[in-house]
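Take a look at this single chain in structure tokens; it is the form predicted on its own.
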């Protein structure tokens, strides 16, 4: 996900301080990967330089605090980004496929590779299912997305296991 676009989108509801942006981002998108304050402020500096945000200062006790506001150009960029479909990422050269082929080429047991990966997928699926059941709607949607991808991976693991003899005949010298 683009942090820049996420921060810009959060500003569409009104100006915010950097720490407010970080907290809102973390609560909304960063459950597993929160932002560092430095990343927020360096991103905001870049957006300011590009004319996508502007700064409103708040005088008062202590150092001036900056509030960031989105510009019309920023609103346009966010709207275009939201409307642009993401490119589907096919796994045409996956690490797991490489491991299976190398296991076959080196005389290792490719079924053990597939079994270990299946066990890891199932472990993660159980963890995501617990999180989904204990969480809110955002957790449900995020976990469902990950679970559907893991289910597809499991289908691939089963299909590959069923075709190992054919793959071995093709890749072994």
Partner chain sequence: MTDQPLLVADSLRLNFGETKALDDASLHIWPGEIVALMGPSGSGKSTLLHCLAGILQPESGRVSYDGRDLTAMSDSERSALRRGEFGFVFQFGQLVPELTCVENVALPLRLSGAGRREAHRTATDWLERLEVGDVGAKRPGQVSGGQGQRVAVARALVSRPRVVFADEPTGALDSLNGELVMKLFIAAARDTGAAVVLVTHEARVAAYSDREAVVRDGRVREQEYAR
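Bear in mind the structure is a predicted one, so any value in this text is a computation, not a measurement. Residue numbers count along the first chain shown, from 1.
Keep in mind the form predicted in complex with the partner chain is missing from the figure; the text below concerns it.
Participant: Report the stretch among 100-108, 36-44, 139-147, 23-31 that approaches the partner chain in the predicted bound form to within 4.5 Å, counting heavy atoms only.
Facilitator: That would be stretch 139-147.
Participant: Is the partner chain in the predicted bound form near all of 12, 66 and 76, within 4.5 Å of a heavy atom of each?
Facilitator: No, the whole trio is out of contact, none within 4.5 Å by any heavy atom.
Participant: So in the predicted bound form, does residue 50 come within 4.5 Å of the partner chain, heavy atom to heavy atom?
Facilitator: Judged by the heavy-atom cut-off of 4.5 Å, residue 50 is well away from the partner chain in the predicted bound form.
Participant: Taking heavy atoms and a 4.5 Å cut-off, does residue 56 contact the partner chain in the predicted bound form?
Facilitator: Outside the cut-off, so no.
Participant: Considering non-hydrogen atoms and a 4.5 Å limit, does the partner chain approach residue 118 in the predicted bound form?
Facilitator: Residue 118 belongs to the contact set for the partner chain.
Participant: Please run the contact check for residue 131 against the partner chain in the predicted bound form: heavy atoms, 4.5 angstroms, yes or no?
Facilitator: No, no contact at 4.5 Å.
Participant: Using the form shown as baseline, tell whether residue 16 and residue 135 are closer or farther in Cα-Cα distance in the predicted bound form, where the change reaches 3 Å or more.
Facilitator: Those two alpha carbons end up farther apart in the predicted bound form.
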